[in-house]
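Below you will find one chain, with nothing else, as structure tokens; this is the form predicted alone, and questions on how it binds or moves follow later.
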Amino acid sequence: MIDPTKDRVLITGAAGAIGTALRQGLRTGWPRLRLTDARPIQNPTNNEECIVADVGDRAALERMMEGVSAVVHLTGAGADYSLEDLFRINVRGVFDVFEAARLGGVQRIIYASSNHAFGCYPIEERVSPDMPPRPDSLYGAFKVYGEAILRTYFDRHEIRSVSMRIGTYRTLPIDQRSLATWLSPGDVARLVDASLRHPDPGCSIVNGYSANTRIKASDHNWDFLGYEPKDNAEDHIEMLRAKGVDVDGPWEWPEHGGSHAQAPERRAR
């Protein structure tokens, strides 16, 4: 069990959008935060220890795991990055972070996976985390790889983990699809907080959404985890209408992954 009063939590990718939201949402309840990113971390508070390091620096990763009980791994390259960057950050980088955590005696890993891990399922099928992955892209496949590594670490090394299949993380929903997949800043902090506080999550996979009326997945594992989302994309539907977004017509994409499932494959070098 991770104790918020005394255990140190490391957040990778802490300078990014989700990392910034987590800092705001966790710093009151988790007084011992260690933050890392390849970019400088802005405006740290007294309970935030900052380390600037690249995910490829294995020695730095091993040093920053000292005295850490849990890791929240957010560092990742987006789907629009080059294949080389995707592999360096989302494959080798994931392994290096997880392996450094294992060697450092970390008890729990919270992993920013993605709903693109099941993006090839037809949108009419209500997908649950217990169903086999069907990634819609190499980006999604690499996220499944991270989940598989965590299953290995649980079975062989008893490291507990929660893989969050994050949907559309934005301050506000941005399009028709995000009416189903939106994850708000407040709810991502609530999801990570629940993942850290759970007495024994085993090796869990959860859908990372807010409490959206139009969710098209099911059996999210929220009740097991104790995650109670508060926000709903439907509350912002008039804002989307005012921007010309078609929120009333037929669903735009035939798969859960939206445009990812039909995007052309990038050329290998």
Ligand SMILES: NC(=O)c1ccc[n+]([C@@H]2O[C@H](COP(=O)([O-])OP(=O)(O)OC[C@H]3O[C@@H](n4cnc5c(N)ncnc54)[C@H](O)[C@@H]3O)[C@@H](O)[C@H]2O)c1
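Counting begins at 1, following the sequence as shown. Remember, predicted model here, so these are calculated numbers, not experimental data.
Just so it is clear, the following notes concern the form predicted in complex with the named molecule, a form of the same protein that is not shown.
At a distance of at most 4.5 angstroms from the named molecule in the predicted bound form, none of the three residues R8, R58 and S161 contributes a non-hydrogen atom. Figure note: of the listed segments 151-159, 164-172, 194-202, 99-107, the one touching the named molecule in the predicted bound form, with heavy atoms no more than 4.5 Å away, is 164-172. Remark: R88 counts among the residues lining the named molecule in the predicted bound form, judged by a heavy atom distance of 4.5 Å or less.
When the named molecule is considered in the predicted bound form, F118 lies well away from it, no heavy atom lying within 4.5 Å. In the predicted bound form, the named molecule sits within 4.5 Å of a heavy atom belonging to A38. By the criterion of a heavy atom within 4.5 Å, Q176 is excluded from the residues contacting the named molecule in the predicted bound form. Contacts between stretch 50-65 and the named molecule, counted in the predicted bound form as any heavy atom lying within 4.5 Å, involve A53, D54, V55, listed in sequence order. Relative to the displayed conformation, the Cα-Cα distance from G119 to G78 grows by 3 Å or more in the predicted bound form. In summary, the C-alpha positions of M131 and A79 diverge in the predicted bound form, ending up at least 3 angstroms farther from each other than in this conformation.
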